[in-house]
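In the structure tokens that follow, the same protein chain appears in two forms, which are kept apart as structure 1 and structure 2.
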Structure 1
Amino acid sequence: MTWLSDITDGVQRLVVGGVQTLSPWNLFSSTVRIGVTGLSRAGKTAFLTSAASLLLARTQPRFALAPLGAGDVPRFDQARHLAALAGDPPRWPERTDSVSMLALTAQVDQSPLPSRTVRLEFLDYPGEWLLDLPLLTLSYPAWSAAVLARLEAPSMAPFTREFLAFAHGLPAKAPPDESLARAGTELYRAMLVRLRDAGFSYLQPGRHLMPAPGPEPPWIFFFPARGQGPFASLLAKRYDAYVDSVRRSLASPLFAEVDRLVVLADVLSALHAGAAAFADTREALAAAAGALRWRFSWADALGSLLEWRMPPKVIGRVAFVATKSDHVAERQRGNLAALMRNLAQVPGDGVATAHFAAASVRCTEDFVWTLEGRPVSAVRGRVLGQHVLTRSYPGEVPDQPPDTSFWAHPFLALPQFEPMRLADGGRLGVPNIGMDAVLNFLLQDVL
């Protein structure tokens, strides 16, 4: 090995890896920002807690939690989340209600060159907010038309009746009345909550379900409506203010800078929620993926050259992960990964992708259960708050998007299991299924 080949090797690793702030310093330091995305309850916080525990438990290279400098994104509270999992009894991290960031650094040996500092930045945020990203490219009338069309599908009627009666009853020339805006928003929010409880995911705007911390600004009171009268233009103005706020607080500072992506999906729960909710989850994932930056245009590239800055980052590597795979036995996890591959693809090419079935926080062990005289591969674990082991066999996981015959037999509910007890407070890493494969795919070229 010569110096030169070491250097070209290093440059190649960085370029291939999609780390775009090219400078001589990249040979000795690089930052990789990884967005952990997923719809609400997909398992993002558990994934991040587990991933960090596994990276921190490695000896080669040795990682440490890093300070966040002068940025304004709050710190991801790794210690608190890990302490919850390590508790007696173990607890799950709480629902996420704001954005946070976890930073880790390591010195990577690249002898004979001096070692390189690698900084990994992971983002966590409430899953509900992911679906605010597609709003950035939609006007209020276009958004309203798309949402109302989805809500008017006959299969939605049990959830949408009250809100639609209100929306359809709005007079075309309604005045820009505050109490009308609030009444409509309350009905719309209540409907979103009912849909979420029924397993639906394509629910916008995200802050109607998970409000941002602090007092509610006046522009939060809007909902989708047709028409062009004074009332509709009040709602449109509020929608624009909402989108502006998403751009300022979520999209520009966070997602614009991401160069790798983990897309988590709780596919097993979607199978349980039924055909309509499954289709809806699939559409929601596609809409979120469509909103991310996969490539930059010539206009972007030229604009940034004129301003002497690097072109915006594009996402170069994506791991699609079906989460909570410990709800099914090993024999079914191959199908789960194959199903994920059939559900989620990247728009366009030039992006390295891989599909996985994983459990960030393993709760169960596999065992053979004899059901009606026949052995099935099942799992067993402790259900939250109970002492005995509970056996579970939700059903066969299809390796393709399910057809009508699949929906004829219900895919059973997944019990909420208690995490396995952690050895040594989690310092050796959280017990999991398949996390090493995901982390290797994401990071092998930078480590």
Structure 2
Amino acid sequence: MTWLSDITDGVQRLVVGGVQTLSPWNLFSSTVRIGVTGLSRAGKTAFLTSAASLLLARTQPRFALAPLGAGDVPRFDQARHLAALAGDPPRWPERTDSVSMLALTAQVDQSPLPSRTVRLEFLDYPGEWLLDLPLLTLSYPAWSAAVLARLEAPSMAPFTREFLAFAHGLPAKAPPDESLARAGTELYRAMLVRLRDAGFSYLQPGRHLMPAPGPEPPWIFFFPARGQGPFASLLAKRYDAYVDSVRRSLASPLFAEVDRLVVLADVLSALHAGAAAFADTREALAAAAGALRWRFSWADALGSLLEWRMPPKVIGRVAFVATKSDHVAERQRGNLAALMRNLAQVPGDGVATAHFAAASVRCTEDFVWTLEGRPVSAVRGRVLGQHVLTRSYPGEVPDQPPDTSFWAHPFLALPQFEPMRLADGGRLGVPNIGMDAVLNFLLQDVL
């Protein structure tokens, strides 16, 4: 390859796909930013804590924690989260409620050339905010119609009655009243919390569940409603301001520089929550996958250059991970990965995609349990707050979205196990399932 074609290839990868192969642009140093996000309560904090501990425990190349520089993004508190897992008894790390970042560096040998500095930046992006991305293509009336149609389904009635009574009772010509907007927003937020606690995932807007740091701006107070009167116009203006805020965050250097992505989902809990919650998780994953930045856009590139900034990178490598795979036995984890593959597909070609069943922090061990006179592959571990091992066999994991017959025999509850004890305070890594495969997929071309 000539130097000219090599430079051309470097430019294309810088703009379109991130750092993927050696070129004059990254021959002696490279930075790879990996976004870690997912559906609510899928285990982002545990995933990032485990991934960092595994990389820091490597001997070749040897990684070290790196400073974040002068930016305003909070640092992911790896030491505190690892200390929780290393406690006696071990505790789950507190879930993060805002964007944070963790940086690692290593010197990669490339003899006979000088070693190359590799910097990995893991961006912890709230899962609740992930589902704001589909809003970028929806008007307020279209979004309201879609959300209200989901909420009005009979299966949602136990969670939505109070808010729907308020929304349906709004006069068609209601004035643009601030107290009315705030009252409706608080009812809507309370409903979203109930739905999340019941195992639902497709909940918008995400910042109603997890507000951004700082005082809330006036435009945050909106909710889905029908109608075209003055009050509906006020809500529409606030929705547009919210969407504009989401668009600006994607164009910011923080998120625009992401070129690898991990999307986590707790598919097992969705199976346990029932048909409605599972269908909701399926819709949420499809919406998120369809809204992410998979293709290079000349319109985005031109707009960026007019503002004297680099165009946003296109995500070139994404790992979809079904978490908590240690809650089922080894023989069922292949089905769990296959189910994740059925639920999350990237539109179009050109993106390196892989699907995994993993447990960032292992909680159980496999064993054979005799149920009703027949052996079954099960797991056992310590439930939080207990000292004896608890056995668990939640049921068979389907390898594709189940039909109606599956729900006649519900997936059993998943115990809340405590993490396994860590050896040497976690300095040797965190017990896990499948994390090496995920990291290898994300970083094999870099390391």
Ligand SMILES: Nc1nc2c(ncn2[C@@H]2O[C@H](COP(=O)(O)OP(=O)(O)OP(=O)(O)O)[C@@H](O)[C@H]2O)c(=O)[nH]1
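So that the term is clear: the rigid core is the largest set of C-alpha atoms that superpose within 1.5 Å between two forms. Every value quoted in this text rests on a predicted model; they were computed, and no experiment measured them. Reference numbering: structure 1, starting with residue 1.
Of the two copies shown, the second one, structure 2, is the form predicted on its own. Taking the rigid core as fixed, one finds a CA shift for residue 237 of 2 Å or more between structure 1 and structure 2. Residue 140: CA moves 2 Å or more between structure 1 and structure 2 after rigid-core fitting. For residue 228, a C-alpha deviation of 2 angstroms or more is recorded between structure 1 and structure 2 after rigid-core alignment.
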